[in-house]
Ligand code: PLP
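Let's start with one chain on its own, the form predicted on its own, as structure tokens.
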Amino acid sequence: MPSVSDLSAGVAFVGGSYVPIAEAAIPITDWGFLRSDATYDVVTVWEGAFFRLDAHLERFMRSCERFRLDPGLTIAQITEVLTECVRKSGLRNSYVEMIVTRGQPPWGSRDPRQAVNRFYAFAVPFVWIANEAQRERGLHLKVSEVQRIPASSVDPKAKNYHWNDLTMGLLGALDAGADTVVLGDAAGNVVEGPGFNVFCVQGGTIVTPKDGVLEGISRRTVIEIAETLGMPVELRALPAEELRRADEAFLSTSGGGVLPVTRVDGRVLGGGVPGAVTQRLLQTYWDWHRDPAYSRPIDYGR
């Protein structure tokens, strides 16, 4: 039997069984690996409760439908698998992922309809996409020259692993000394970065790209918070130059919530520290984690 320490590093659901994360694997011939032919979603657990699990499950099922993938489980069954991964790991703060891959059609066939889709899940310790120092001072964001895959090619509203453009953009940003990257479209508007949506604040109005982006659950949460607080929000095209000249900017992601941005392409935003609007949204985002309307406690005693 695996030790407690093995399970505390994470637990995965593979082939109908729960295994330590270090033992989790998929077949090398699965088209999810060979062709990035898969969809997924990530929900977080904070202080022993899922945050907005229903919204993540709804989006996951829509993504499966969009890519013609079948998880083979109901929403209730997926909920139980995710819960069991967290319960077995004992993690109170966790990053929980659900995945459906295409699987593999019979040898010699190129027909994806003949493949048996496969469902996987895992829970690991909570993932921050920015470290503590970056969150304190604000991130340096670079606008990449790499263009995001157009929505006419891969639907960004369905969560996917087509990340080569994001990876190349991120490598360029890191090489240039920035912390992370945002990609744009063919018209010169910023759209999204690797695992996050982007926002800016100008004259008290919050702006975030409307098209060409994954409609993140954290993005949705920020928009709802802003509306609750009476802050004006615009969903529209966001030119890169407008982002560079913004009063404030921030990212939204399950891997950290609201993350302040204080530099864009080397240009300091505001006073070079996280702005007042960003700080208020950040605080409220974490306050909502304790609201029973958005959280689903996990029974670790079973």
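None of the values given here were measured: they were computed from a predicted structure. Numbering starts at 1 and runs along the sequence shown.
Another form exists, predicted in complex with pyridoxal-5'-phosphate (PLP); not displayed. Remarks below refer to it.
Colleague: Check W128 for me: does it contact pyridoxal-5'-phosphate (PLP) in the model of the complex (non-hydrogen atoms, 4.5 angstroms)?
Modeller: No, no contact at 4.5 Å.
Colleague: Is Y40 one of the residues lying within 4.5 Å of pyridoxal-5'-phosphate (PLP) in the model of the complex, judged by heavy atom distances?
Modeller: Close contact exists here: in the model of the complex, Y40 approaches pyridoxal-5'-phosphate (PLP) to within 4.5 Å, heavy atoms only.
Colleague: Should R148 be classed as touching pyridoxal-5'-phosphate (PLP) in the model of the complex when contacts are defined as heavy atoms within 4.5 Å?
Modeller: Flag for R148 set to yes.
Colleague: Although pyridoxal-5'-phosphate (PLP) is absent from this view, report whether L214 comes within 4.5 Å of it in the model of the complex, heavy atoms only.
Modeller: Although pyridoxal-5'-phosphate (PLP) is absent here, L214 would touch it in the model of the complex, with heavy atoms inside 4.5 Å.
Colleague: Picking from 136-144, 69-77, 106-114, 159-167, which part of the chain touches pyridoxal-5'-phosphate (PLP) in the model of the complex when contact means heavy atoms within 4.5 Å?
Modeller: That would be stretch 159-167.
Colleague: Which listed residue (T101, T208, S94, S218) meets the criterion of a heavy atom within 4.5 Å of pyridoxal-5'-phosphate (PLP) in the model of the complex?
Modeller: Contact check passes for S218.
Colleague: Is it the case in the model of the complex that T180, D247 and R267 each bring at least one heavy atom within 4.5 Å of pyridoxal-5'-phosphate (PLP)?
Modeller: No, because T180, D247 and R267 lack any heavy atom that approaches pyridoxal-5'-phosphate (PLP) to within 4.5 Å in the model of the complex.
Colleague: Which residues in 192-217 have a heavy atom within 4.5 Å of pyridoxal-5'-phosphate (PLP) in the model of the complex?
Modeller: The stretch touches the partner through E192, G193, G195, F196, N197, L214, G216, I217.
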